[in-house]
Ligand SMILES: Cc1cc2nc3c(=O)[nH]c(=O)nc-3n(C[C@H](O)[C@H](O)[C@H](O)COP(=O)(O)OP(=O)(O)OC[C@H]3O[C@@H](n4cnc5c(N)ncnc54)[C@H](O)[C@@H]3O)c2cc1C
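One chain is shown next in structure tokens, namely the form predicted on its own.
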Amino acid sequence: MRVAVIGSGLGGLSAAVTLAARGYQVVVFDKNPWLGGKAAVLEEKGFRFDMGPTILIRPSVLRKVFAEAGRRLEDYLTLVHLDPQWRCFFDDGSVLDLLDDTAAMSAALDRRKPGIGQGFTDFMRLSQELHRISDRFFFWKSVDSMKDTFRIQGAFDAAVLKDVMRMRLGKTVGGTIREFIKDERVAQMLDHYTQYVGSSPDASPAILCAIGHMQSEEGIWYPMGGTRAVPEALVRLGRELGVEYRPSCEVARLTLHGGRVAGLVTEAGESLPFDAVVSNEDAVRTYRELIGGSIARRFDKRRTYEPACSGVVLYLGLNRRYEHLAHHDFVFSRDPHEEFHHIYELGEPAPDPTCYLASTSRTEPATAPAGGDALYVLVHTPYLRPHHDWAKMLPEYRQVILNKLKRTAGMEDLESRIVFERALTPEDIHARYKVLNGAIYGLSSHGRWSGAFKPGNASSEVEGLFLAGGAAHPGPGMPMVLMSGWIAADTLDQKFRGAEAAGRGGLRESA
């Protein structure tokens, strides 16, 4: 059975490996000349930057994908554990590390202000409970709505109803955090777990507080070679399993017959038959651009999906290393409510933004010339609006970002230390990765009741179409995107070979 995977982002690569391990013939298409989607690399003048994701949490998800083929992740990747997880710089001059160990973090917070430590411990206990509920309801299966969770688990099961009561439905991430944390700077730090899903903590459902425990349970890891090493490892494994990769080959549209997938047509006009398709492109753009017509209109009417935020990324090659930086850093805005109001409500760049920094030479000196640093700077911005012209907006906003780093992160001589520079804007991200309105993280998680739900991995509009990536269930972030690829592949396998066969490895015996 032949399966096409459209898009070689982490979700697509995960799906391809899983399907090939189960005996399917898999061809991966990507419009770009490289494989890996946003997990691309920029190398110039002795500097090496990860262009997209930089934080790897829950490596167990990646291990599960490799285990599909009977392989060990450690034979393909070298992972380095990072502690502190983040270093946080605040506008009032204070600095706070997010430590790997919850007890140590609680003690550090009590030293900051007595009593905060217990609030943090209680919050992390809630986060763990929400994570366990997510494992039961949400992860490793195709879910499109709350109705699906009831269908899968059993609506009148007492344990299910008990879990639903604990999900804090109707409450937000930001509000939940502040029930436990009475220090505004610490609360601001925890708000940024929603950084992984590109959404406002003031509008995202409380179930996303589970991200805290998802991160703390296994910690944060850095793959040597950068996060670019992850797609490289997946492609290497895929080739060993017989996956065919076709970079620089853009898919123009899907061909349908009787409401089901029959194949695809490339931009070059090549028509190819396939039994099923996994689209790792943005889910909304998949329907609108690869299918169109009444099917796309029907998808759009089912639910209004809002893009997640976009961002400006600066890749700064420096001739010095700032020793006070950790590997991962947040330089926080003076006022998170002002920041989120601008980005998510006004649709304009924040006047005083939070900056995320990755200082990779601290862990891997080879990312920069001796004594220098390859500094990655990400600032969240609104998704693209019609009046945004980032060719004109970037110079001024670049200066806003640099001034923020100089003022709040103790990098007063930063501009004089830049010897190499590149940037990505929301317009670049929109064109480069075919995402919706330049959204880095796919679809937003806004909505107190349904914000956590994305389009399910099995299309309800087109037979034989499956969805992966940050704009499909379970959402954005490296582990979630990798999981989405596995779910799409597993759902496809169950559909075409039956649940019992999928549990035994699908087509492996008959390949």
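Computed from a predicted structure; not experimentally measured. Residue numbers here begin at 1 and follow the sequence given.
Beyond the structure shown, there is the form predicted together with this ligand, which is absent from this document and is the topic of what follows.
At a distance threshold of 4.5 angstroms between non-hydrogen atoms, residue 31 is in contact with this ligand in the predicted complex. Taking the partner from elsewhere, residue 48 is found to have every heavy atom lying beyond 4.5 Å of this ligand in the predicted complex. Under a 4.5 angstroms non-hydrogen atom cutoff, this ligand in the predicted complex has residue 281 among its neighbouring residues. Among residues of the shown chain, residue 432 is one whose heavy atoms approach this ligand to within 4.5 Å in the predicted complex. Checking 251, 189, 436, 210 for any heavy atom within 4.5 Å of this ligand in the predicted complex turns up a single hit: 251.
The contact with this ligand in the predicted complex, taken as any heavy atom within 4.5 Å, belongs to 52 out of 52, 474, 464, 59.
Partner contacts here mean any heavy atom within 4.5 Å of this ligand in the predicted complex, and among 374 to 382, 178 to 186, 411 to 419, 336 to 344 they occur only in 374 to 382. If you take 474 to 490 and check each residue for a heavy atom within 4.5 Å of this ligand in the predicted complex, you get 476, 477, 478, 479, 481, in sequence order.
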